[in-house]
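The chain that follows stands alone, in the form predicted on its own, written as structure tokens.
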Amino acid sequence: MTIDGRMLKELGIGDVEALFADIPKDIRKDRFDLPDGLDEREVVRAIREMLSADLNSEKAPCFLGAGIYDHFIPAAVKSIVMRSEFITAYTPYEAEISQGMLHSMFEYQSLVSELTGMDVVNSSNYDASTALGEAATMCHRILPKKRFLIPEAMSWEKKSVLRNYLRGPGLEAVEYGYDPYTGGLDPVSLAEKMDDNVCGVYAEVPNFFGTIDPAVMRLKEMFPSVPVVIGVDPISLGLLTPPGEYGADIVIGEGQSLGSPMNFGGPLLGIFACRKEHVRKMPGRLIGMTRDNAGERAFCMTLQTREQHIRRSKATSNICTNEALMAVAAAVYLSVVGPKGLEAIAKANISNARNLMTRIDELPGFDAPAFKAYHFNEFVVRTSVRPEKLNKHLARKGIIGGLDLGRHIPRMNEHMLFATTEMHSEEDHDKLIAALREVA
């Protein structure tokens, strides 16, 4: 297939190669090694054989997290979301006709509201990164200042999406540092960056290093006049205090953990919740429960602040679709596991992380966790072996290793971020420890 030069000109790029610039060259193939003249059946068979060489979480224990996690998904989740009334649902343009879809989204909002301790939840955003971008611009609408504070230790992908969001309204993302001992926010650095031109401050629990930072719970107390945005791992809320209880104005998070599989980065689910007093500045749409003209329970779109529904100048966001199916999956997941089930899953994550940290720390050449703090299901490991070399060794042993932090935070070039969840058995940990011992 060729791409017409007019298309490239319209896109503002010089050649087709620029379309694939985001894919590292060392993992690209110039062409598939397939003989000419194969029919479709033969091509499918050949491609499947090639793909069988890939490591994935079904064939190998996966210790890679950093935003996307391997959690167990009850069979009921897939069974329900694959029903035709859900799987075919896009943004309903005559929404009130789709009462079942609106009902499911209302249930999603209610469950996430209870989980986060917030008054209002929208339905929904693409992913945690877009939710953060929307949260920053919403802070600007609440408090019309120009600077939005974010942690230095944060996903590079979130930072990239956030800065794209801020470019339009002319806002600036300013980073505050982290404590080199605990991995939590550095209160001195944060105080230095906080001034009269700040429209909001963002922090995460657990943070990018997997630590549970108690200082985050005092942010609203420290800066009562500035909107506080908290990023969460929703599974951790089975055990941790909901952000609504410690003063968060906006809560965002990645909802993939709630019933959606890992799938090469998507589709994902952006959780977005806020306090009731901010609801008219919230992006997206809000589903409400009401009565129809016969007095029967009914559901309707209560607020729609997207530009496809209202005048562009009045819209809070130009996102014109959402992750409705993933939101349904999250609602089903939370309904199936229930509060006690979610608590048990959260405890299993913490227990597994503590067990694995202890065992890695006992190996010569490894220090785990690198930060002295409470952890959820991720932790940083300091290693005397180059992370790139270590991950190659683990891959040869049939293990998907951790994140090489030095690629994203230069001062941490001897550190890796490992994640473990309820999916890992004692045998999986044994396999990782044995492989690490070989290179220690």
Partner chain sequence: MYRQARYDTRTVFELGGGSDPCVRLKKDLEDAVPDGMMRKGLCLPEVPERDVVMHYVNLSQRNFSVDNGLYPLGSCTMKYNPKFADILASMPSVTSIHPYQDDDTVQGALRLMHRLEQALCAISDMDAVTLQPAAGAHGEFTGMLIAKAYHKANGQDRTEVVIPDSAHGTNPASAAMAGFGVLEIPSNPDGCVDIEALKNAVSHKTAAFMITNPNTLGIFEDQIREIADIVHDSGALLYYDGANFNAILGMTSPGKMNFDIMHFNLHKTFATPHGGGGPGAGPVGVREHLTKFLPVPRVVERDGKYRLDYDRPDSIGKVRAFHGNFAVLVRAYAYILRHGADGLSEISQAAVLNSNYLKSKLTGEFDLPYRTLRKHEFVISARRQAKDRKVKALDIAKRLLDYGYMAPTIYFPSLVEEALMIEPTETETKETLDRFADTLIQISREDPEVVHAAPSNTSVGRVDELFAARNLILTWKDYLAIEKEEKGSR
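Computed from a predicted model, the values in this text were never measured in an experiment. In this text, rigid core is short for the largest set of C-alphas that superpose within 1.5 Å between two forms. Positions refer to the first chain, counted from 1.
As for the form predicted in complex with the partner chain, it is not shown, yet the points below apply to it.
Out of the listed residues E296, E277, E362, D195, E296 is the one that sits within 4.5 Å of the partner chain in the predicted bound form by at least one heavy atom. Here the chain stands by itself, but in the predicted bound form one stretch of 79-87, 362-370, 171-179, 186-194, 79-87, has heavy atoms within 4.5 Å of the partner chain. If you check the partner chain in the predicted bound form, you find no heavy atom from any of A136, L149 and G247 within 4.5 Å. A residue is said to contact a partner when one of its heavy atoms sits within 4.5 Å of a partner heavy atom; V232 fails this definition for the partner chain in the predicted bound form, lying far away. Taking the partner from the other structure, the partner chain in the predicted bound form has no heavy atom within 4.5 Å of any heavy atom of V380. Looking at A66, you'd find a heavy atom of it within 4.5 angstroms of the partner chain in the predicted bound form. The partner chain is not shown here, and in the predicted bound form it never comes within 4.5 Å of any heavy atom of P224.
Along 123-139, a non-hydrogen atom within 4.5 Å of the partner chain in the predicted bound form is carried by Y126, D127, S129, T130, E134, in order along the sequence. The two forms, fitted on the rigid core, differ between this form and the one not shown by less than 2 Å at the CA of V385.
E10: CA moves 2 Å or more between this form and the one not shown after rigid-core fitting. The Cα position of R41 differs by 2 Å or more between this form and the one not shown after fitting on the rigid core.
In summary, the C-alpha positions of A75 and V44 converge in the predicted bound form, ending up at least 3 angstroms nearer each other than in this conformation.
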